[in-house]
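Below, in structure tokens: the form predicted alone, a single chain.
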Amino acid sequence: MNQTEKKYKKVVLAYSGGLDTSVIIPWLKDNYGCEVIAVAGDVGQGKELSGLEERALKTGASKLYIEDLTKEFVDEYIIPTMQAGAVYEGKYLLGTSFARPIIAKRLVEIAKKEGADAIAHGCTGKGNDQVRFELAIKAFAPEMGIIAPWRTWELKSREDEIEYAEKHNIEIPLTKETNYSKDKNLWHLSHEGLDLEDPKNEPDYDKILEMGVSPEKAPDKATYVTLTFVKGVPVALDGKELDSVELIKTLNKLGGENGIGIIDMVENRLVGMKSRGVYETPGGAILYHAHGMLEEICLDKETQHYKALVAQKFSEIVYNGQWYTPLREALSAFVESTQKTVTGDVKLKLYKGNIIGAGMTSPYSLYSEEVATFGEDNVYDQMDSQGFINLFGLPIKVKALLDEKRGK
């Protein structure tokens, strides 16, 4: 049975007010004859939410929910991922990736409350977000119908959508000339499409940046910041205690002003293709750097090295939309255990796109100046290293001797 042949009476739509979802509301009503309830998850996208209710109702939605998820987003998704040190393919700080599961979870809650029989989203069939939304929906409402118009409708491009909107007198907040695909939340802003689709093109940062400036336009004077962590959680900036949301907002401002956190990458999407995007994550880049520095003095070698392996897997899980899985929960339990001693202060210097360490302290530091010193000490017998090297190098020595015997 074709998807549009199924009958739904009430559909909850993941709504942003952008091009895709503005077009989807009338399209759903035309093709299904259903009531459409729009739901916008507020994860810190700011001004994008202004005027959303009027726009949703004007395009045919029966009502709009705007759900404030920002605090939960930071405390239960962003910080645990940052504590894990999860960075997808060494660059991407997962800004869109971990925002989708929390939004999808709320979509399910509202769909159940409203008695809806389907949830719709505006994700394309080429992207990662369709997976992230739908895996979360399956986790909380395995029997819920899912509508993904991009897989079935007659519109084959964003240009087609713009034409559809113009024909149906739907107001949209962009034009063909500014048609970058963007996703914004408290943590980051992503840019894809247009000239960025060709990897040979240098991004026009003066044109696309919204959270800050390019390193060339950053001040010639460095900015110093000191972050305080308690059990891996950032709690204060320059000695002032801040709510987690306010702390990220403040770091975004400081980072943006200094050209911090701009990433241009070609990533491997879950669906199998490569995709080029530019990400702005000024505050996130600072937090990751500071937290990583603090772990250098607070974690023992074996834990620190094993945690790096966990970080890579954790990043893949988040990127692939597998937040609500036993493995993610198990890895989070491991990460939480490692954070028991990650407490202290980290001082950083922000300068023209660079984050430079400027000192750190911790009551749980494993660094001993007395042991590490190049000067005279009474705690380390340098002759002990001779026996250690003899044993550590024994396999190499034995192989070399046997190779000589064999005339190799």
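Computed from a predicted structure; not experimentally measured. Residue numbers run from 1 along the displayed sequence.
What comes next is about the form predicted together with another copy of the chain, which is not displayed.
- At a distance threshold of 4.5 angstroms between non-hydrogen atoms, residue 117 is out of contact with another copy of the chain in the model of the complex.
- Within this chain, residue 320 lines the site of another copy of the chain in the model of the complex, having a heavy atom no more than 4.5 Å away.
- The shortest heavy atom separation between residue 351 and another copy of the chain in the model of the complex is within 4.5 Å.
- Another copy of the chain in the model of the complex is not approached by residue 57, whose heavy atoms all lie more than 4.5 angstroms from it.
- When you look in the model of the complex, the only residue of 158, 182, 105, 138 with a non-hydrogen atom within 4.5 Å of another copy of the chain is 138.
- A heavy atom within 4.5 Å of another copy of the chain in the model of the complex is found for exactly one of 113, 305, 240, 168: 305.
- Of the candidate stretches 94-102, 72-80, 158-166, 121-129, only 121-129 has residues with heavy atoms within 4.5 Å of another copy of the chain in the model of the complex.
- Residues 312, 313, 316, 317, 320, 322, 325, 326, 327, 329, 330, 331, 333, 334, 337, 338, 340 are the members of 312-346 with a non-hydrogen atom no more than 4.5 angstroms from another copy of the chain in the model of the complex.
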